[in-house]
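Shown here is one chain on its own, the form predicted alone, set out as structure tokens.
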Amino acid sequence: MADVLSFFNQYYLSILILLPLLFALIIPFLPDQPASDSQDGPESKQAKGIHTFAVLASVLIHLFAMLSWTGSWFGVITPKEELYHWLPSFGISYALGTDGLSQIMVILTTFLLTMSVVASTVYIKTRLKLYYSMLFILTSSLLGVFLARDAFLFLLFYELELIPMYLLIAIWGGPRRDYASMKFVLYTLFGSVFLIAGILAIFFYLDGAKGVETSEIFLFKTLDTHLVGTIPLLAQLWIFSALFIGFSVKLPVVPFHTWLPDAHVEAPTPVSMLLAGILLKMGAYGLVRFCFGFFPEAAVSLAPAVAVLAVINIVYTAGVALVQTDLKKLIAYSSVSHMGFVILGLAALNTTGFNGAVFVMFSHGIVSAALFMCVGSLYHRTHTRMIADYGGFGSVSPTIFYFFMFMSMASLGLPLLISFAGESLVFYGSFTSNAFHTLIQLGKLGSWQWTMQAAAGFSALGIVIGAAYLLWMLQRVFFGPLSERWQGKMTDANRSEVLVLATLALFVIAYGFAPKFLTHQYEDVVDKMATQYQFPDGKYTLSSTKEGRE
């Protein structure tokens, strides 16, 4: 027993990444599902066995991930990092590590995996072994992204998720799944070009730099220590911009957002839950770690442009959501709009803004997964997503109505629910920020002073528009007379759907009432990052710059 605990203590992070991959390799050897199984017909005993195995495996993965919080109770001291030089001549290492930020993203990933697998027992009926194998491979790549501490290894895991996600949409998606999955691949590859260019630029600037070991060029701790002092500001601006574009495609940021609504509409409900809940956070996580964590000088210079993009993301996509006729596409555009608050919080360049951005990452993962589950429950019964086809469902499906209404209130930022805390931190960080005061000359009209306060003010329109489209959606879907088309055909949520939605609702309430339970997990990380940004008398200073050293 002592040897087993010692093994876990030493290789915990690697085991956490490989555990979903192990289950993905086991699933193909389970008893085959009969060919007679159909999407709408009764399930066979073999299909139920595959579902049960997948649920138990996902729960085990989540419990194993929770050891990073609770391991000391069982004598398991999980390591903070693992480091093995992989390709030392190229500065590449197999480096894994965890801190408060990585920890909450890992917990969110494994938790939503479990919720997605439980939802799959309701909505996925065909080719189950391939489906769950792809789902677990996707999980391994996501965990690798959040645990990697080498830039090249991060990029490897970041790109690995492309294959299983493409297959999950292309095989189990809707009528236009081929178009949506290919669009997802093309947009992601477009972003990858910029990510690779940025990371290669880091390599060429740091290769041979004083104080940087060749075998450790890509290590996060090396970048954190040496990057600002060894790369010229102009080069930092180009690298920051390249990485920002690459991560913006995944986030997504306007104008790179159009792949997401198509992917959501065609993806099956459990995949949409992971797509909105976790995959979008890969882009946000990359922005936090790379752009704003390693390039503070460039971040200060480009903060005005980032704030403008945040405003456009929040307001424009909220307006687009307001005119949608497809229920799932409405929630997809709502998801894009809310991710704009992450960008706004980062643009504030202060502790409160950073804390709010990370909180929104987590809260959006919970709420968006629940909203897509609600949409899926309606589509599963009606086989339509057109809002015009709905109406009066509140009288025949009260459970679905209550959960949909509750999650909509959480999405629009109702106080004491999870989204309110994150968005409040973002707005407070923006209004108290003195990160930049850029004068833009407007000819004879004089000058216009663009501040973070103005950006936050314009972004507040997104909250108003969000309340409009969510409340209008609820009115059209659940109120009014029930159409004869659905008389005697509409049913309420089943036990699996209630289990998923109730579990997500508990997190919405818990972190809404006590957000400190979440913020104290990662605040040390973002506080340390925020100390790089100092604005005495409104002027930016950085001790690691050339002027600071002199």
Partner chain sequence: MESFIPPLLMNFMVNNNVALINPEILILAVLITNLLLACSPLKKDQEFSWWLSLTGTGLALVSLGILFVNVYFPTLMDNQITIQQHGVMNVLQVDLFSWVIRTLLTLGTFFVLLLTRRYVEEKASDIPGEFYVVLMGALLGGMLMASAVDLVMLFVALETLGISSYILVGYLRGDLKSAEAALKYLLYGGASTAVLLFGLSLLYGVSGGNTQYAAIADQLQRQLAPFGHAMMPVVPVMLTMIMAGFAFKLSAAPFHMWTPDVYEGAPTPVTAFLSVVSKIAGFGAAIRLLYLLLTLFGQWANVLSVLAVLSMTIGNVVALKQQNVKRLLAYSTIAHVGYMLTAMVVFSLNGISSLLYYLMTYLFMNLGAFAVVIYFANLTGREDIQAFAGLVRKRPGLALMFTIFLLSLAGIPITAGFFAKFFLFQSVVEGGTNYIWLIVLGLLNSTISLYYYLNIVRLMVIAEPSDAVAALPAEPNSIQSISSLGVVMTICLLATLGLGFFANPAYDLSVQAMTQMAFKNVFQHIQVSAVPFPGGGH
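Bear in mind that the values here come from a model prediction, so they are computed numbers and not experimental data. Positions refer to the first chain, counted from 1.
Although it is not shown, the form predicted together with the partner chain is what the next lines describe.
The closest heavy atom approach of Arg127 to the partner chain in the model of the complex falls within 4.5 Å.
When the partner chain is considered in the model of the complex, Thr325 lies well away from it, no heavy atom lying within 4.5 Å. Pro88 belongs to the set of residues with a heavy atom inside 4.5 Å of the partner chain in the model of the complex. In the model of the complex, Phe479 stays away from the partner chain, with no heavy atom inside 4.5 Å.
The single contact residue among Asp389, Asp99, Glu81, Asp207, judged by any heavy atom lying within 4.5 Å of the partner chain in the model of the complex, is Asp207. Ile171 is the sole member of Leu474, Leu414, Leu233, Ile171 with a non-hydrogen atom lying within 4.5 angstroms of the partner chain in the model of the complex. Within 4.5 Å of the partner chain in the model of the complex, a heavy atom is found for all three of Leu167, Phe190 and Phe218.
The candidate stretches are 247 to 255, 192 to 200, 425 to 433, 286 to 294, and the one lying within 4.5 Å of the partner chain in the model of the complex by heavy atoms is 192 to 200. If you take 129 to 165 and check each residue for a heavy atom within 4.5 Å of the partner chain in the model of the complex, you get Leu130, Phe152, Leu155, Leu156, Glu159, Leu160, Leu162, Ile163, in sequence order.
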